[in-house]
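Consider the single chain below, provided in structure tokens and representing the form predicted alone.
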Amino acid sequence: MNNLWQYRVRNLFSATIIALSFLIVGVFFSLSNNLQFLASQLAENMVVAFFLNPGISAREQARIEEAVKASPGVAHVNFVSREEALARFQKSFPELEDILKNLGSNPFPASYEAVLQKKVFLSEEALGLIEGIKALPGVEDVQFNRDWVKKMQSLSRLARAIGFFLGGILILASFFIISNVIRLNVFARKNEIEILRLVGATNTFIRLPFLLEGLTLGVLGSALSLALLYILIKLFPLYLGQSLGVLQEFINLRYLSLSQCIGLVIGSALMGLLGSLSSLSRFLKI
């Protein structure tokens, strides 16, 4: 601890580089967590919307409703009128209210929303149900959010892969920085090391303080990165405001889970330890 404080400027620089490196990883993991959360929310809703033609007859509508309710994979059916659909849109997209006023009429069709059972949602049975009802007279279109769930999961994996790639480059740079910092510390304590050798100190005794320094720098860097990530998550929505509308939900950051935080700290500590070992093996010939 005394040595870390004595050379605090370069040690602080090293810890800051580590923090920024793992902050990049943390940001992409947070984005991935948010996409996974949205995917799970979509999966929980599991709704198929059957949109009706504007000129549908009462007989055709009754037949569609009966077919949807009779399907074994459907847990619940809800009818959404044109007025209710318009009210939903105005609530979700208030920034587009002027466009609706310019249209002068309600552009939204009525629909039946079928809530599927969980075991049916990701099976081929759901596709058969949709195709059967879609072929009925009076059904104009079908909206099924299973594809969105898969897309969210794919985007989540992509965000995590980008985080690993960019963070890996910076982590590699941090590895060399820690190695050089430990190297400088070894040179600064060269005389002390020579004295320790003369009085019979073992190799482990001489190496251990430098290993602890690298380990401590790694832990400090990861703790700083977690603190910066927390601040970023709190300030990011304030910075965006409402300018992105519905897209803001996709790029929100969700804080890391406990296991991810522990993994980040362990990875950072391991990287600091390996940097120290690399430096000691090359520059401390004992």
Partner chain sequence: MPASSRSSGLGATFENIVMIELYHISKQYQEGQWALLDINLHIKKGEFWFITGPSGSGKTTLLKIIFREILPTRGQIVIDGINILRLPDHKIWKLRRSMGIVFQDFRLLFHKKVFDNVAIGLYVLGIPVKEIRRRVFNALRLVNLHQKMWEYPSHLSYGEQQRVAIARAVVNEPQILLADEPTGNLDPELAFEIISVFKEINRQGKTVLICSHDKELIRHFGDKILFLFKGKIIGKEVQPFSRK
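Numbering follows the first chain given and starts at 1. Computed from a predicted structure; not experimentally measured.
Below, we refer to the form predicted together with the partner chain, which is not included among the displayed structures.
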Checklist entry - Tell me which of 131-139, 96-104, 184-192, 71-79 has residues with heavy atoms within 4.5 angstroms of the partner chain in the model of the complex? => result 184-192
Checklist entry - Quick check: do Gln6, Leu196 and Phe205 each get a heavy atom within 4.5 Å of the partner chain in the model of the complex? => result yes
Item to check | Contact assignment for the partner chain in the model of the complex, among Ala201, Ala87, Leu127, Ala173, heavy atom within 4.5 Å | outcome: Ala201
